[in-house]
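To begin, one chain is listed below as structure tokens, in the form predicted on its own.
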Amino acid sequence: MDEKIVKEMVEDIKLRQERSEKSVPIGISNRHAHFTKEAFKTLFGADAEATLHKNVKQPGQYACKELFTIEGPKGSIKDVRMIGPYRSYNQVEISAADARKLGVEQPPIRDSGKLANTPGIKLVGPKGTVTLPSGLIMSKRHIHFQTKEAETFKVKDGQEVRVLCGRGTERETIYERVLCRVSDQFALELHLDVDEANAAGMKNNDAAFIV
């Protein structure tokens, strides 16, 4: 075998071993939305402002107290929260199980903000309704890395990795094609939706491993 190929294989094995020794905390992402200020005020009133329910792990982001309803052709889901602060686009993130309950065709799996050619959905708040022409997605599973953490794990923004969840349990699961997102504004966390987390028997702050 070519020496160069052998060297690359050995280096890859070493890198995988190094990464697998460092844990990544899991954050389970329930259905939620990101709204523009305009959409929020349509749902909750012209004088309303997004108010803190609780902080989430990603710096500067928080779950809001205000609740709204997602309406589909065959069903609805109540008490959905916005994740603040306001954004420049409207995006609703649901799971495959949610899509079945709503009676909508399974939305595409997308990275946040990548909304071209996505379906829309109707949202109902206490003061009004918003019918989005697009923005309904299932979030692509991903890991947030602060820049220095990315250097430690030797990953780059946009790279995809394999992640082991439930190590040593009966529901041990490997997820392929997990997106790496790197920014100075992030904190280390693997985001799985509820379906994915349940499949591997995971809870918030359980450990996952890049393998």
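Don't overthink the numbering: it's just position in the shown sequence, from 1. Just so we're clear, the structure is a prediction, and the values are computed from it rather than from any experiment.
Omitted from view is the form predicted together with another copy of the chain, to which the following refers.
- Every residue of the trio Gly168, Arg171 and Asp195 has some heavy atom no more than 4.5 Å from another copy of the chain in the model of the complex.
- Contact with another copy of the chain, judged by heavy atoms within 4.5 Å in the model of the complex, is confined among 105 to 113, 85 to 93, 71 to 79, 121 to 129 to 105 to 113.
- Of the residues given (Lys65, Lys37, Lys156, Arg177), Arg177 alone sits with a heavy atom within 4.5 Å of another copy of the chain in the model of the complex.
- Using a 4.5 angstroms limit between non-hydrogen atoms, Ala199 touches another copy of the chain in the model of the complex.
- For the partner-free chain shown, Met138, Ser139, Lys140, Arg141 of 119 to 155 come within 4.5 angstroms of another copy of the chain in the model of the complex, judged by any non-hydrogen atom.
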